[in-house]
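We begin with a single chain expressed as structure tokens, specifically the form predicted alone.
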Amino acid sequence: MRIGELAARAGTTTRTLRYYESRGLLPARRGENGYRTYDEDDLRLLRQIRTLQDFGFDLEETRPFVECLRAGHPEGDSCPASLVVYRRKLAELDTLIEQLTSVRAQVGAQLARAEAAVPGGPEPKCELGGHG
């Protein structure tokens, strides 16, 4: 198939495909007529890249998965290098979750302190706009 068809089937743009090609993630094959040609395996590569990017993986992190598929494995995550990337991403996510949990606790404490500062008292007057 040609680049336009592959882009449409993968839900991306021809520009993106050319970029992936320049990064070595998508093979650069040309037919006798000089046009880029692709097959179903290339579509699988693109779907793997897209799925991983939807999960928050950056483009370079998808490389071991793409290489695993190119090596003939049925799934891109069945190779040791892919598992290393999964483990690293899980560690990153755990760190982010810890940070967000801490921030949430701080915001909750601020809210509790703010609510306790005015028990039964008059509602504070909040004015919108500037003074002038």
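Remember, it's a predicted structure, so these values are computed and weren't measured experimentally. Note that residue numbering follows the sequence shown and begins at 1.
Omitted from view is the form predicted together with another copy of the chain, to which the following refers.
For the chain shown alone, T37 is not a contact residue for another copy of the chain in the model of the complex, no non-hydrogen atom being within 4.5 angstroms. Contact between L90 and another copy of the chain in the model of the complex is found at the 4.5 Å heavy atom cutoff.
The closest non-hydrogen atom of N33 lies beyond 4.5 Å of another copy of the chain in the model of the complex.
Contact check for D41: no non-hydrogen atom falls within 4.5 Å of another copy of the chain in the model of the complex.
Of the residues in 93-116, those that come within 4.5 Å of another copy of the chain in the model of the complex through at least one heavy atom are, in sequence order, L93, D94, L96, I97, L100, T101, V103, R104, Q106, V107, G108, Q110, L111, R113, A114, E115.
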